[in-house]
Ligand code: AHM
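The chain below stands alone and is given in structure tokens; this is the form predicted alone.
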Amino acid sequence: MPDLGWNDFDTLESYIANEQRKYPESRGIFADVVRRIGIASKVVAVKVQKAGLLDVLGSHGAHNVQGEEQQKLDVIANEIMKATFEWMPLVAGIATEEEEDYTVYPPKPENEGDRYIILFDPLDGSSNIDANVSVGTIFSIHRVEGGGYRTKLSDFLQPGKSQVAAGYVIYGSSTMFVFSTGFGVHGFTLDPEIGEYVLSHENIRVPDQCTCFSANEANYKKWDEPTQRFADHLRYGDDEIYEITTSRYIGSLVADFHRNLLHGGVFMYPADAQTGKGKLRLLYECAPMAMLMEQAGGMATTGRERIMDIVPTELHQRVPVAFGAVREMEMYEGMVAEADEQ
């Protein structure tokens, strides 16, 4: 037999199988959810790559629950993700950024044991897709509280620290599946020749350098004083460790987060100082990214509170957020605390 090189890399399938072997009590139920997300993302990736040829660019002509104009690909990606889970007996329900309410799936008699809640942003950054900018899918997985089959709103309104897994898929020059189950962050790149995700970034750690400052600086005047002071310190301060820091903002959370996760930096979308409200959604964007950032050795904060500790009060709750290395995030929290004390 010729050497095909299969022992030289791990696919997502083989990685999940190897992880399951470490836990004899595992029945593979949770692994099936992660596996199915990987399969669904391949379908979305094809739609994204062929967007200019399939007449799926541009507005869908409707608005989502947040009042934002839906893109055609938003709707397509949403339907693909929903179809992925609705037949799975272990999935108790889903909630998506594109729909106002959550969906509960009735229990199936063949299922026993844990059941899971899936929350997802089917196509983050879709407003940029006409310009061929990288977009992505974000997901978060929770266990149904207390087990059993009576899924309720509180099962969806769990804090980020109770996530059993979170991750994203970025559709760019290559397609990458990045996720964590609480044991580090691992990235798999889709090999188009074999149609499989291959382990390319094992145990990702946030670099201890602030290479990029990523924020919508057009909103600078809307930020509160400590946030402005923090941004100024990174961009214009005398601290020599920030001499390499440059402004880089794509406007697609997955793309900005992915770059900073690999190369180091701060991403933030602060609250509007007048309203006190953030823009990004806690359940679909902030909490899953916060789990990844912490698992990679960084921090995620509102400036006053750890993102993972926030107990949601509604499905589409928005919060201010900052992601980055511990040094910068503690500096930001310190500046906010100092301003609050005055």
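For every residue, the number given is its place in the sequence shown, counted from 1. Everything numeric in this text was worked out from a predicted model, so none of it was measured.
One more form of this protein should be noted, the form predicted together with the named molecule, which is absent from this view; the next part is about it.
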Residue stretch of 99-107, 117-125, 167-175, 237-245 approaching the named molecule in the model of the complex, non-hydrogen atom distance within 4.5 Å: 117-125
Please run the contact check for residue 279 against the named molecule in the model of the complex: heavy atoms, 4.5 angstroms, yes or no? yes
Considering non-hydrogen atoms and a 4.5 Å limit, does the named molecule approach residue 154 in the model of the complex? no
Using a 4.5 Å heavy atom cut-off, state whether residue 251 contacts the named molecule in the model of the complex. yes
Distance check, residue 139 to the named molecule in the model of the complex, heavy atom within 4.5 Å: no
Contact residue in the model of the complex, from 267, 179, 230, 197 (heavy atom within 4.5 Å of the named molecule): 267
The unique member of 162, 216, 132, 209 whose heavy atoms fall within 4.5 Å of the named molecule in the model of the complex: 216
